[in-house]
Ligand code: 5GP
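Just the one chain here, the form predicted alone, laid out as structure tokens.
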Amino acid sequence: MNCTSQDLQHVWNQYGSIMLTAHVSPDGDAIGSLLTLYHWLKTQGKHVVIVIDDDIDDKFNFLEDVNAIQKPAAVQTDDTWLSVVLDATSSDRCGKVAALMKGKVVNIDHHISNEHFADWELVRPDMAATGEILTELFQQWGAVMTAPMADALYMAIATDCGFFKFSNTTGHTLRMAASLVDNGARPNIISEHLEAQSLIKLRALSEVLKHIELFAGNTVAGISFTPDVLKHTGEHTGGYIDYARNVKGVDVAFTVKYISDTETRVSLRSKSIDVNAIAATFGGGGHVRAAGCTIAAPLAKAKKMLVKEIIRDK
């Protein structure tokens, strides 16, 4: 059952030590939401740690406190700690951090596929981003919004709605973003940092573009991140799916990423069909237009399984 903003305030007041986490392969929404809540909870006198079971893309280095993010092996907790899971549908999506959740859990999320696993939750699928939920919460709490907090939340919202181009953008999304600009968020600076590409990354892009494949009468596009391609891109591959999605005539775009010989990580985007339903067939989920999953199969086999499921749904 969803908490109210007042319920969450009561929860914060019960705890002195709080662990914040989000899903593996953290995106702008996860990172921005984590850093903002971290900053605010510290002003409330809490002992707060951020733990992510993954590397953080260097494009987020311009944000204040990004260096505070730790790996699970560096953190110890006990059952007196409160765990707060942001932008994730289940504790499993947090990787090894799940083992550190020894006490009560709060979940703040906007995915329709949320598994309702927490002791307290605020799940709002009607909002474009977890950052949008947090912005409204801070308004309701009368919290002081610093410029670094506003930057992080604006990035969280903007990246999850394609900088206000995707269909999940609502009037409320725009109003929350506008309020953040009024509180010091810098859209131009945020965009410049997120869009800046090193020469190495630009050369990696040229390699990735060679691997776009088309299926189902050119309405489905996919990119395979094999070990050879990952040598060019590194582990952070999240932004490349947009190049497949933008191919003329494409409705559904996907990426399949090599994790091991028996595990493949999948991302899905669409313009019309429900990719959350496709991801759910493999135990994943997300949004109607953006979702992900992990398939327990080698990359080539996982790609065939995924394309078959996409075509079935089309």
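No experiment lies behind these values; they were computed from the predicted model shown. From 1 onward, residues are counted along the sequence shown.
As for the form predicted in complex with this ligand, it is not shown, yet the points below apply to it.
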item	value
Region of this chain that lies against this ligand in the predicted bound form, out of 285-293, 256-264, 33-41, 62-70 [heavy atom, 4.5 Å]	285-293
Contact residue in the predicted bound form, chosen from S179, S113, T159, S224 - any heavy atom within 4.5 Å of this ligand	S113
Heavy atom within 4.5 Å of this ligand in the predicted bound form - the one residue of N168, T233, T89, N183 that qualifies	T89
